[in-house]
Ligand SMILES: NC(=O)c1ccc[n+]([C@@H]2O[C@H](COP(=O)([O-])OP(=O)(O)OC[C@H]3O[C@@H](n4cnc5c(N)ncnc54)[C@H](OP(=O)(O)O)[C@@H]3O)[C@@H](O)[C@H]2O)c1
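Next up: just one chain, as structure tokens, the form predicted on its own.
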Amino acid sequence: MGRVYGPLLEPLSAGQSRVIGQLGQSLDGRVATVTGQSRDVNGAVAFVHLHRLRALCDAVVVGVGTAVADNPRLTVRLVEGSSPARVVIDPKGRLPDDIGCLQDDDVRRLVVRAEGQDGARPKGVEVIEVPCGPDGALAPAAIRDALAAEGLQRLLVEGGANTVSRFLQAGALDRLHVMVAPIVIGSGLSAFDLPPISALSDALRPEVTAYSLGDGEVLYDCAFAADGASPA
């Protein structure tokens, strides 16, 4: 498994970033049921893998929707290592101050929001402002670069599906880990939300290595070149 985690440990120069996205899904590409239940799509080995990724990164990044819906702790508990900084992308100030990931536990906590947003955050929570794009959303590359300027160079974009999809669409992921569970959900929330393409020649074609992690879980380690295409 050194090939899986090794790329995260490669040296980076000042200002550089390495960004890995992570999604757990069913065999039919769902991350949740129609009612939003998602906690048990993947099993124990997938959670261990996720915590190992957290331990190897400087910061774990989630969108405000995931933070509000799931109230994740975003800490390292299942493997050895330190918990990363916690970053919530919150363009419009929807994140409540009493959310779990903002609570003080001696780990850096950051909120990324749009320029010009008013409102203070609890003591110790750092606020980073980045400009909105034409669609009113925060550009993944701007978020990545702003975090790198804060010394957070190794980023784990953990969720939700919309946030990972936005980073993927923007070409802001170096790698993507897709953990596929041996379960068929049927209707539900799709793992990816990307613009439609009319020709397969326009499809993303990363360099992919598959690993069987036990309990029927399969990890697809996808490596992207700088332009989002295959690095081969």
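In this text, all values refer to a predicted model and were calculated from it rather than measured experimentally. We number the residues from 1 along the sequence you see.
If you look for the form predicted in complex with this ligand, you will not find it shown, but the lines that follow are about it.
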Counting any heavy atom within 4.5 Å as contact, can you tell me which stretch out of 148-156, 130-138, 115-123, 101-109 lines this ligand in the model of the complex?
130-138
Does any heavy atom of residue 207 come within 4.5 Å of a heavy atom of this ligand in the model of the complex?
no
If we define contact as a non-hydrogen atom of the residue within 4.5 angstroms of the partner, is residue 85 a contact of this ligand in the model of the complex?
no
In the model of the complex, does residue 94 have a heavy atom within 4.5 Å of this ligand?
yes
When the contact criterion is heavy atoms within 4.5 Å, does residue 143 count as touching this ligand in the model of the complex?
yes
Find the only residue in 53, 31, 172, 46 having a heavy atom within 4.5 Å of this ligand in the model of the complex.
31
Proximity to this ligand in the model of the complex, single hit among 20, 222, 23, 219 (heavy atom within 4.5 Å)
23
Partner contacts in the model of the complex for 145-184 (non-hydrogen atom within 4.5 angstroms of this ligand):
158, 159, 160, 161, 162, 163, 166
